[in-house]
Each structure stands twice: as C-alpha cells, then as structure tokens.
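Take a look at this one chain, the form predicted alone, written out in structure tokens.
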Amino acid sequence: MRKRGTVFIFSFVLIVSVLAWSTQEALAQRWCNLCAMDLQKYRLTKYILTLADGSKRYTCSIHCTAIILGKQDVGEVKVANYLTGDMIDVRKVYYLVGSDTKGVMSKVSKLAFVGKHEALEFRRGHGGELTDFDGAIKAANLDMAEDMKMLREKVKKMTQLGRVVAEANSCFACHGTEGKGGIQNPGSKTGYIPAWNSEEFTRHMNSKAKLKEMITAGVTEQMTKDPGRMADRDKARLKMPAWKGFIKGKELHALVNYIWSLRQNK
C-alpha cells in the first residue's frame, strides 16, 4: 500500500512538473521576440529562427524576421504555411507578395505556402506575385522604411492608450506616478518596487515579450530558471501579481508599449 502511495505521489509530482514546464515553454513562445505581437493570433505568418548558438527566436512576420536576419547569425528558418499554420523550412515554400490579404507589420502582405499549386490557387482569388524566400525577404527590406514609418504612428497611438490602461488598473499605485518611482517593498533586494524608467527595470525587461510575460504571469521564464532571482522574489513582501485574463489583447499590447516608451537607453 505504501509503495502504491509513493508511486502515486511521484506520478502526481511528475505530471505537475511537466505541466509547469509546458506552461513556461508556451509562455516564452507566445509573443514575437521583436515586437511582442501575439503569435497565437498571427500563427499563420509566424517564423521560428534558430541562431548560430542554438537558441531560437519567434517572430510574427517576415518584417520582424528580416530585422533579425540583418542583425544576427541565423541558421535554420521555419515559416508557417499560411493555409494551415504548420511550420516548414523556408527553402521549401513558395511566397505570394502583394495579395489583397492584409499584411502583418507591413502594408504589403508576404505569405508562405507549402506548395506551388497551393500558392497559385490562392493567387487566383487574391492576386500577388509568386516568389521564393529570397524574393520575399528582398521585398520586406524594400518595404522596411515605409513600414517602420507606419508602425511608429501606430505605436504612438498604442502608447497613449497604454497610459490609460495603466491608470485604470492601478499600476501607478505600486510603480509610482507615470511609473517613475515605485513604493517601498520590505524584504526585496532593493527595498522598493522598481520604476519603469529605472536602470534595473530596463536591464531585466529588455524585450517587449518579457514585459508581456511579466504582466500576464507575474514572472518570466528566464526568472524561473534563476534560483537567486526567485529566492529574492520570495523574500519580498509585495510580488508582481499575474494579470492574465484581466489585462489582455489590445490593452495588454498598449500597456507594454507605454512601459517600453519610458525605459532608459532607448
């Protein structure tokens, strides 16, 4: 009987551990590593890039992918088949550039299809020019300046909404007016809740994706892998709560853009 009980407890712990690991993995891969767009929403234009060191980057579009390719040494690149969301090597797909489908992070859409036949069938109803990955990347780079101008205007509006979201959800009560001076937090490493424009906050929250992790879960995957940081968090009287289900969608994205606009070393 004791043996059965031990096996049951071990199995239960193992299942919980696996679920916790899966949740952390899903959380880390939920948002574009560059712009923090929701990869569940944009799963049909998603990319997975494997860097030279083996780490991965997840992006929402060929626009964000082109930016990473221009800055980092990238090995394998996979893209979602626009019709199913299945991930495929970019060297094995066909692209339609300029169809009537709305672009992601770009005025001009650049969609990937698993086969030439599928791409031509889609073009019959939506238009566009047939090309390969190199042609699609070239088009993304040619559109980059105009797209960045468009995106800056969108981010400006999102930032304004983000301030409203922060105020409505009492974020300033802990992080200070305009997020520029946190209240005291006994037991924490610094003794206070970090301001959003502080050097410490900027160092740890160095991507919009991490900000979304922190807001929704109260921690980031990177934090859970650092025993020292988790121990410091446990000692603090006040801990970042998980806002998943309370701040979401457009409001979550707006809040992240507002906080990002306050950081140091822009």
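If you superpose the two forms and keep the largest set of C-alpha atoms that fall within 1.5 Å, you have the rigid core. Don't overthink the numbering: it's just position in the shown sequence, from 1. As the structure is a prediction and not an experimental result, all values here were calculated from the model.
The protein also exists as the form predicted in complex with a small molecule; that form is not presented, and the subsequent description refers to it.
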Ala36, Ile67 and Ile88 all contacting the small molecule in the predicted complex, non-hydrogen atom within 4.5 Å
no
Partner absent here, but in the predicted complex, which of 144-152, 117-125, 100-108, 162-170 has residues with a heavy atom within 4.5 Å of the small molecule?
162-170
Exactly one of Gln72, Asn81, Asn185, Thr131 has a non-hydrogen atom within 4.5 Å of the small molecule in the predicted complex; which residue is it?
Asn185
Which residue, Met158, Val77, Ile193, Ala140, has a heavy atom that falls within 4.5 Å of the small molecule in the predicted complex?
Ile193
Quick one: is Leu262 in contact with the small molecule in the predicted complex, heavy atoms, 4.5 Å cut-off?
no
Examine Arg30 and determine whether its closest non-hydrogen atom to the small molecule in the predicted complex is within 4.5 angstroms.
no
Considering only heavy atoms, tell me if Leu49 and the small molecule come within 4.5 Å of each other in the predicted complex.
no
The small molecule contact at Arg233 in the predicted complex, heavy atom, 4.5 Å
yes
Exceeds or equals 2 Å, Cα of Asn206 between this form and the one not shown, core fit:
no
Once you line up the core, how about Cys35: does its CA shift reach 2 Å between this form and the one not shown?
no
After a rigid core superposition, would you say the CA of Gln222 moves by 2 angstroms or more between this form and the one not shown, or not?
yes
